[in-house]
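Take a look at this single chain in structure tokens; it is the form predicted alone.
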Amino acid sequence: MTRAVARRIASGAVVLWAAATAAYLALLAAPGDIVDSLIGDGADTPQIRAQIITEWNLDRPAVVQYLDYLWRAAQGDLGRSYLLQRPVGEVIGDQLPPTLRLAVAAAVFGVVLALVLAVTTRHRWVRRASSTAELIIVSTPPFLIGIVLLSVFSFRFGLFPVSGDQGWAALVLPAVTLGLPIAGVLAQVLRDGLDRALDEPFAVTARARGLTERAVLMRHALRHSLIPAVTLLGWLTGALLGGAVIIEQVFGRPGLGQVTLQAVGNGDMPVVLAVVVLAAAAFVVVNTVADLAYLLIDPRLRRSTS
């Protein structure tokens, strides 16, 4: 178990190094001088240029520049936004909490709804209706779902705020918008996993011991059906991060989506690089948690890694 954890942490560190290196190479490959790329659309003065050369060690060999960049990144120093004249860590830190609240709320809503749908839609006709609804939701662009929800529950009935991030009411519609497609995919995966688990020998044995079908489903089959769903944690992270960029625009919420779009539009490369590394770190953490969750869900995997 310890060796398995160590291997996954080491592989995660390699992924982070690769992401940081790719971001750095993208900066070098950008058209024009590297100083111009870092300045973006901000003020261009001799003092700012001298500051960039000093902070990025651009007057030293390329290898030294790269190693210094990695060292600063490993220490959590994400650089400075010369457009906003603020440390990148502060820029991202100010906008991270709203995005985290949205992502967590959407994930909880999506997972809970998926579990409810997978467990309760066992009858053939109910299952068909639920699968059709899930396919429609998954096939619909999230921004369109958000616009429909805004039109009905905000503009027509006035139940929720149209925009902003003031209180839980402002979080409901964005979280539902972002969580519905997640629930649609997870529900289908969980339902198929339940079908396979209920045909396994352990389910037959549980029935022979006198357990009801509901007890077999909840006590035994559900746990085994979680394994393919856990595999989708990486996709879930990507859906939350990518979807947050769009949903924050639709609902006028602050967050990393707003910061990322503004940074890309204004050529604020330090912020863009930091967002790339942060996204890679999120993927590494989630996939590491998923790998460890496999070991907790299925004891056979613990024996195979020992």
Partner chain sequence: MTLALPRPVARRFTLRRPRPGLTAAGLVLLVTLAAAAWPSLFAGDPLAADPLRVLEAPSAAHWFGTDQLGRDVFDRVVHGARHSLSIGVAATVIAVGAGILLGVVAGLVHRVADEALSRGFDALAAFPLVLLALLFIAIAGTGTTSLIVAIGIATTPHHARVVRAQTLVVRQAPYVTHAVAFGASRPRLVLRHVLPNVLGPIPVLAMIGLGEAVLIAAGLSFLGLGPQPPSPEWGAMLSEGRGYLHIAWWASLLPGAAVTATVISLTVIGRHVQHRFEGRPS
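The shown structure was predicted, so the numbers you read here are calculated from the model rather than taken from an experiment. Numbering follows the first chain given and starts at 1.
This protein has a second form, the form predicted in complex with the partner chain, left out of what is shown; the following refers to that one.
Engineer: Within 4.5 Å, heavy atoms only: does Phe155 come near the partner chain in the predicted bound form?
Structural biologist: Because a heavy atom of Phe155 falls inside 4.5 Å of the partner chain in the predicted bound form, the answer is yes.
Engineer: So, Val245 and the partner chain: in the predicted bound form, are they within 4.5 Å at any heavy atom pair?
Structural biologist: The answer is yes: Val245 has a heavy atom within 4.5 Å of the partner chain.
Engineer: I'd like to know if Gln249 sits close to the partner chain in the predicted bound form, meaning any non-hydrogen atom pair within 4.5 angstroms.
Structural biologist: Heavy-atom contact with the partner chain at 4.5 Å: present for Gln249.
Engineer: Contact with the partner chain in the predicted bound form for Pro141, defined as at least one heavy atom pair within 4.5 Å: yes or no?
Structural biologist: Yes, Pro141 lies within 4.5 Å of the partner chain in the predicted bound form.
Engineer: Is every one of Leu135, Val148 and Val264 in contact with the partner chain in the predicted bound form, taking contact as a heavy atom within 4.5 Å?
Structural biologist: All of them do, each having a heavy atom within 4.5 Å of the partner.
Engineer: At a 4.5 angstroms cut-off on non-hydrogen atoms, which residues of 194 to 228 are near the partner chain in the predicted bound form? List them in order.
Structural biologist: Heavy-atom contacts to the partner chain in the predicted bound form: nothing from 194 to 228.
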